[in-house]
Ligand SMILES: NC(=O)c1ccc[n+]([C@@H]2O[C@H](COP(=O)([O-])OP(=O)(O)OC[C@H]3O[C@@H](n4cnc5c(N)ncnc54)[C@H](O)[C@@H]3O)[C@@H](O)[C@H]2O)c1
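Next comes just one chain, in structure tokens: the form predicted alone.
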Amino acid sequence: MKKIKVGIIGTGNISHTHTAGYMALDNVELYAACDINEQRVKDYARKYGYKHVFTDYNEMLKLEELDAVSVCTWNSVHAPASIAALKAGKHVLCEKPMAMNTEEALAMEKAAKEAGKLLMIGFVRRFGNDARILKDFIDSGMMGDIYYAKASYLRRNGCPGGWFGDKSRSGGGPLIDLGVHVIDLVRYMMGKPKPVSVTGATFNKLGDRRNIKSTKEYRASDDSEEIFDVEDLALGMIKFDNGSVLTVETSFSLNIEKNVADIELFGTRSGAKLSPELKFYSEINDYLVDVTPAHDTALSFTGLFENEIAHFIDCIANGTECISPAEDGVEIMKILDAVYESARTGREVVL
């Protein structure tokens, strides 16, 4: 069995989940790792057994035998690194968000088509066990016509620091970092309708709360920088071409009791909540009923990245149709851009 030689571009926090996914597969060989921090990439390669080490991804991509790469850099490098890899004949799994803006995302999609290579976007929530079960129920008609959804991804004190607060590298704050997850998952569950108009608002009232003494649950690999010129709260309302509507709220810093990660869908036959236990709300025999599928809620978020990486490799090895293609990343970038533009202008943005 020919092993697929993979490389990692960017060896920060998220890359470890990619490598763990690759290591779980018998038909994958950890081949090359790249990071601008030379000591970090050397330590990373030694830890996992990557054979080649680089500090310039353009040099790494000269390895003709390299088949595929994961792009796990900060957001501003997603487009240039992915495009370079595609032009070098490599398949690419690019972390979310796809890019800094729609223009970059379209350039990435074009590069993939011209190269005839796979460009998969890391919408990892699609690969959760809870998402799989919900999608199964939706596809079977359990919810009927889904016409409204609410998505919340709120952190009380959750800015990771480092590049996450630097707009020149991140492209934005919680909307582009956290909101992208729930916006994509809702759109995926709805059958991927096209966005037609967006209204949004953003705030920077509390900042990154470096004064708070309690430990944050997630930190950037390098959180020493004190730049914070992104929003700390973002709100949006997205209207789709099938008439459905999504409202979204997401924050790094907000005066709430505890973190919130809720997704609610409302259909003509039932509603559903994913938070994290999956429940349906409907009516049977003229009674209102709550329905909870019999599944282990502890496994809802287990194996997300392993499932995602396995799918990426399956697409490469067996030609399986990708469920998280570049075109989906482009649509999400259109939404994110529109929320920020609406917030800037105070007007609805028509797509």
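Computed from a prediction, not measured in an experiment: that's the story for all the values here. Throughout, we count residues from 1 along the sequence that is shown.
Not on display, but discussed next: the form predicted together with this ligand.
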inquiry  = Taking this ligand as it sits in the predicted bound form, is residue 339 in contact with it (heavy atom to heavy atom, 4.5 Å or less)?
reply    = no
key: Non-hydrogen atom contact residue 95 with this ligand in the predicted bound form at 4.5 angstroms   = yes
message = If we define contact as a non-hydrogen atom of the residue within 4.5 angstroms of the partner, is residue 122 a contact of this ligand in the predicted bound form?
response = yes
ask   = Given that the partner is absent here, does residue 75 sit within 4.5 Å of this ligand in the predicted bound form, heavy atoms only?
value = yes
query = Of 109, 130, 177, 208, which residue is found within 4.5 angstroms of this ligand in the predicted bound form when only non-hydrogen atoms are counted?
reply = 177
task = Report the residue, out of 36, 323, 317, 53, that has at least one non-hydrogen atom within 4.5 angstroms of this ligand in the predicted bound form.
result = 36
query = Just one stretch in 249-257, 158-166, 143-151, 235-243 has heavy atoms within 4.5 Å of this ligand in the predicted bound form, so which one is it?
reply = 158-166
request  = For the three residues 126, 267 and 311, verify that every one has a non-hydrogen atom within 4.5 Å of this ligand in the predicted bound form; reply yes or no.
outcome  = no
Contact set, 251-282 vs this ligand in the predicted bound form - heavy atom within 4.5 angstroms = none
